[in-house]
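Encoded as structure tokens, the following chain is the form predicted on its own, with no partner shown.
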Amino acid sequence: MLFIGASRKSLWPRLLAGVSYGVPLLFIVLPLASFLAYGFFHLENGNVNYTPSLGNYIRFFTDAIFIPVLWQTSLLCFAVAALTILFGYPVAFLLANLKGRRRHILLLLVLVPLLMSYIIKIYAIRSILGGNGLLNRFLLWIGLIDQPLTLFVFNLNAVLLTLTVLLIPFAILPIFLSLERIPRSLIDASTDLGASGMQTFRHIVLPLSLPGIVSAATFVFVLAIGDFLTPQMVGGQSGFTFGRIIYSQFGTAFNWPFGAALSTILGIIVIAVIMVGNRLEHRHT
């Protein structure tokens, strides 16, 4: 009986270890590996040719379309990350300085949009910025314009603004956590030594919150560059992004090998951004 009990005790750690390693291997590593391998195949007469080749990657680097679109999408996503930090930092700073019930209420208001449907939020933004939206109606009503504006609808401006609104909670939370970890004693010591509020913020609060800023920027960039639904719904013909190209390869073009190759390239960029962000974050820790 003692031997059976001991064998059962030794079996549980093995089972837990098997599950811990097996689940990520089965649902993450293997699909990614198959996706990577699929990028080396090519489409021939509507059928997939499983002979390995670099044709998809050669097409990406030699075609005049893909690299400019990828560069434009990357700049767009960097702008989204910058805007979310610009508008999210004051909210996070306010959250970090509130106490008790008010902090919980404001934090709840920040988190509520994350619980809403992504598509519903996009349609809500379209109803505000559209040609017949609330913004244009208001501007027409006050006489500031004489015809509806198209500045923020079905173009890259619309994609930029929509992604900023949708992803700003993902910037607020890392910055808030970084600000919350700053010891209050450092701020009190700065005040006791005669520093003004702006000096304390510039020399203590901002440097110590840089890891949260870097984390927020990385998080938002990764989410933005992989988004194809937002550009599809608010971008129009002039709001074309790299995510939409990948989506079209799996959808209308039905060229899965080329879509897999483009996704692999995008994945490499995402991994590189995460590594750079991680290094910057540790440098300021």
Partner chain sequence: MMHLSRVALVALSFATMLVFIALYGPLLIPIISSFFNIAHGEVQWHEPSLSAYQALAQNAGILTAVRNTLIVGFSATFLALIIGTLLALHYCGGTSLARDLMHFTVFLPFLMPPIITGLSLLIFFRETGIPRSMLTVITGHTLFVLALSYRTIVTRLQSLGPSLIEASTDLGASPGQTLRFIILPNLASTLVGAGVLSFALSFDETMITLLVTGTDNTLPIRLWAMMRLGFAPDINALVTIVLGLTVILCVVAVRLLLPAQTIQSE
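As the structure is a computational prediction, the values presented were derived from the model and not from experiment. Residue numbers count along the first chain shown, from 1. For the two forms, the rigid core is made up of the largest set of C-alpha atoms that agree within 1.5 Å on superposition.
This next part talks about the form predicted together with the partner chain, which is not shown.
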Any idea which of 71-79, 210-218, 150-158, 178-186 reaches within 4.5 Å of the partner chain in the predicted complex, heavy atoms considered?
-> 178-186
Look at the candidate spot formed by 30, 117 and 228 and say whether the partner chain comes within 4.5 Å of a heavy atom in all three of them in the predicted complex.
-> yes
Answer for residue 125 alone: is it within 4.5 Å of the partner chain in the predicted complex, judged on heavy atom distances?
-> yes
Are any of the heavy atoms in residue 56 no more than 4.5 Å from a heavy atom of the partner chain in the predicted complex?
-> no
Is there a heavy atom of residue 203 lying 4.5 Å or less from a heavy atom of the partner chain in the predicted complex?
-> no
The partner chain contact at residue 243 in the predicted complex, heavy atom, 4.5 Å = yes
Let me know which residues along 75-97 have a heavy atom within 4.5 Å of the partner chain in the predicted complex, or say none if there are none.
-> 87, 90, 91, 93, 94, 96, 97
Core fit, then residue 65 C-alpha moves 2 Å or more between this form and the one not shown = no
Large Cα shift (2 Å or above) at residue 27 between this form and the one not shown, core-fitted | yes
Core-aligned, is the CA shift for residue 272 between this form and the one not shown 2 angstroms or more?
-> no
